[in-house]
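Below sits a lone chain in structure tokens, taken as the form predicted on its own.
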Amino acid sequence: MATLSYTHRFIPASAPGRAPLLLLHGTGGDENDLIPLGQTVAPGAALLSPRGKVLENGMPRFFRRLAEGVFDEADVKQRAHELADFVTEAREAYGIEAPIALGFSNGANIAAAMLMLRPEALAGAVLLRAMVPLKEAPAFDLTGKRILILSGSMDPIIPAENAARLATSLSTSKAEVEHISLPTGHGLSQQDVTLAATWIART
């Protein structure tokens, strides 16, 4: 395992032709959290799974928040650039292509911020329970990138309007966005897994 700027796990590809996944955990997760999900939705793909550097009451996150749903946007920007730099390091160290981000909650939000600030770092993204990470993002171009957003219609943390606004913002920036709202809350369901696997298989 290479020594890079984030504590991480890397699992090499065992099947040719699959895009690598960048696994981005939610609050309180770590580099092991989404490995089983990654292996389920993209069997044989290379998996790159970093641990968020920010601690909230001892729980790893990818950026600071001021309250539930209220982000420290200066920190969001700094951490998105840091994470994009890590992806560049990892691509060189492990010889992989630009990955598809597979992020949950806080991990989905940092992936969305990377798409806005460093779009070249990602080939696309599966955003599970994501919300708008930046109130005012610079102009960005996502031409050719595919993005799947899976929201929960009963999610107590993310208003439906917020998730819809994120989808619109990414679409306006020329990404090919598929936004599906599932009859569930903030946690993941089997439907999330099935839809993500089907979408990734088409990529």
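Nothing here was measured: the structure is a model prediction, and the numbers come from that model. So that there is no doubt, residue numbering starts at 1 and follows the sequence shown.
The form predicted together with D-malate exists for this protein as well; it is not shown, and the discussion that follows is about that form.
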{"item": "4.5 angstroms heavy atom contact with D-malate in the predicted bound form for Ala160", "value": "no"}
{"item": "Partner contact for Thr27 in the predicted bound form: D-malate, 4.5 angstroms, heavy atom", "value": "yes"}
{"item": "Contact of Gly69 with D-malate in the predicted bound form (heavy atom, 4.5 Å)", "value": "yes"}
{"item": "In the predicted bound form, Arg61 touching D-malate (heavy atom, 4.5 Å)", "value": "yes"}
{"item": "Sequence-ordered list of residues in 28 to 52 near D-malate in the predicted bound form, where near means a heavy atom within 4.5 Å", "value": "none"}
